[in-house]
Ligand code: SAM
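For reference, the chain that follows is the form predicted alone, supplied as structure tokens.
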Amino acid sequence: MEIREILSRHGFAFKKKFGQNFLTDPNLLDAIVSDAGVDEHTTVLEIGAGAGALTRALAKRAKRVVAFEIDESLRPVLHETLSEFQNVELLFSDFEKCDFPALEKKLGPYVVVANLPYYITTPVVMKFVEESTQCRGITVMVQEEVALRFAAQAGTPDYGAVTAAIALRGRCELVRKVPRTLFYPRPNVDSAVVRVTFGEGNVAVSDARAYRAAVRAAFSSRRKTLENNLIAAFRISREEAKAILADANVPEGVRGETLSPADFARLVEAISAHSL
């Protein structure tokens, strides 16, 4: 099925505001489905169906695919590209505005597989990380620099608050790099596929909100020490900040980006012990 020909025949015009760059390589599409571990028992949630190329690849393997698409002008295109599949449900609406708890109740256990528009990548991924109760994992195509940030190790330039937040739910890995030449139209950057497996290698903490608050505090100003960021974020004295760091076995003078997710978990326990 030639996606370009179908788009042309329907007079489709790309809209920059939606970050529309569609995948066209069938081998890559099948590889992404395999990366996500999709089989006949899997319910898949896709954000940004586009012209339906990835949706088709998913529908061939999955039990059920629920796909969001914000651009109504793609309706006739998707009607054609997905007409043979009875296991696909298309929702022409903005995923970021959906009733998320109601959607999860409807889906039951599911995985996310998507070629995410670059402009919504981080907020969408963080929505699943922070709010989902039914999602079992996320496999998404994202801008390469974002993929490196998601999967970064502590102490590296790419490591940040998003990395530490994802680690609270599971293990993130970069599974394949994708050159810009495999998209239509061709974007200005290369991409990569990242996979987050919820519950695998996740950081155990007693209070997820406190963990997120500690991470936000640590990265609120990367040029400042963790001690100074704690003082500013929690409005505590320097003596209290030093005591918390000592209890968490964190050396004085370090910056937030040097702490691993496990270090942050210890920091949270120390903060909680001081009743902040």
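Residue numbers here begin at 1 and follow the sequence given. For clarity, every value in this text was computed on a predicted model and none was experimentally measured.
The following text describes the form predicted in complex with this ligand, which does not appear among the structures shown.
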Inset, instruction - Give a yes/no on whether Ser93 approaches this ligand to within 4.5 Å in the predicted bound form, heavy atoms considered. - result: yes
Legend entry - Contact of Leu74 with this ligand in the predicted bound form (heavy atom, 4.5 Å): yes
Inset, instruction - Answer for Leu54 alone: is it within 4.5 Å of this ligand in the predicted bound form, judged on heavy atom distances? - result: yes
Legend entry - Contact label in the predicted bound form: Gly19 to this ligand, heavy atom within 4.5 Å: yes
Legend entry - Position in contact with this ligand when the complex is considered in the predicted bound form, options Ala152, Leu82, Ile120, Ala192, heavy atoms within 4.5 Å: Ile120
Inset, instruction - Sort through 224-232, 65-73, 209-217, 246-254 and report the only stretch with a non-hydrogen atom within 4.5 Å of this ligand in the predicted bound form. - result: 65-73
